[in-house]
Ligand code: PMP
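What follows is a single chain, given as structure tokens, in the form predicted on its own.
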Amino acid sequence: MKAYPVAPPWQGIKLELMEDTHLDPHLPAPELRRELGERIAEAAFNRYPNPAAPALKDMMRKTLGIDAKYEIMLGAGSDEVITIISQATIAGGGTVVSLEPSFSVFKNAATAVAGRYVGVSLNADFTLNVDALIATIEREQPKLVWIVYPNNPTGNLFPDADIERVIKAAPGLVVIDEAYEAFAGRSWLPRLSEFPNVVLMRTLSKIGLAGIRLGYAIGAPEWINEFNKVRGPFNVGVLQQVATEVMLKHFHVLKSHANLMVQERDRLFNALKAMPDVTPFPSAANFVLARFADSAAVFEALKSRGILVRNLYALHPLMQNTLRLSAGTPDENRQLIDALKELTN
């Protein structure tokens, strides 16, 4: 196993982790800053948090449109949710199937609980080879299948009809990771009740709250009740709950930033498309994946200019000479585009 790679703190333009750079933590709206300060000052730091988080979950239901017939499980980011689901479904044995390239934590979480991990490669253009995936499911009979929608790091949405075929073929749980739902404008939440073996996973990290670390699973109570058996009883702290409640009251601010990031993502894609020897891939997330003639050279040249992006060459054979570029602010994107134009001409 290898630990998930995280770059050390970066003082320049940071575009490698799909964060919301539009939300300036030092200059929030005065009323928002005041409300955050007051609520945090009132929090009972000497007491364990309420593990049920009723106020926060009620706010999530109202703001995010989660029906009362579904239960919600909270985690410290989607990373912990992945760990909890893996423990609950395959601890001590069982097979996990995931697409590749995708989020590497799926494999790590399976391995850590003595599960067997089987990856199914996407096609060379990052489209879904649904027949290969279903054949693998029929052969391996996995207890758990992961699908990222839209996929990270490729950014594309797989066809709903293909995903539905996968859900019906799976003998166990299928988790659809919707970390980038705010940018894609597409979700399986309206159809969740049609599929008893599906749970949705989301995070608030991509829409401005990466530092709060709050991920969550949405599903039938029967699934969430089982996950809760291995969840740490106080895994989401007082600060996380209070800060998230306040920020969700101002969800329109986060949503407006998501819309800005979509605009910047499209601007970045179009600029990359016009560059020689650069192949950007269409994205429904808040980043653009692009292939360069020599991604390592471009990565180092950008870094020397104070711009940090993600070099994905080691993730999977299909990732050779690719860089993942997060959609930054208009000024950050301008500097990135200018630098790339200089490097590719």
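This one's a predicted model, so the numbers in the text were calculated from it and none came from an experiment. Position 1 is the first residue in the sequence shown; the rest follow in order.
One more form of this protein should be noted, the form predicted together with the named molecule, which is absent from this view; the next part is about it.
The candidate stretches are 201-209, 266-274, 187-195, 244-252, and the one lying within 4.5 Å of the named molecule in the model of the complex by heavy atoms is 201-209. The listed set A179, V97, A109, A217 contains one residue whose heavy atoms approach the named molecule in the model of the complex to within 4.5 Å, identified as A179.
Taking F126, F183, W223, F103 one by one, only a single residue has any non-hydrogen atom within 4.5 Å of the named molecule in the model of the complex, and it is F103. Although the partner is absent from the chain shown here, S78, V148 and N152 each have a heavy atom within 4.5 Å of the named molecule in the model of the complex.
When contacts are judged by a 4.5 Å heavy atom cut-off, R231 does not count as touching the named molecule in the model of the complex.
Under a 4.5 angstroms non-hydrogen atom cutoff, the named molecule in the model of the complex has R213 among its neighbouring residues.
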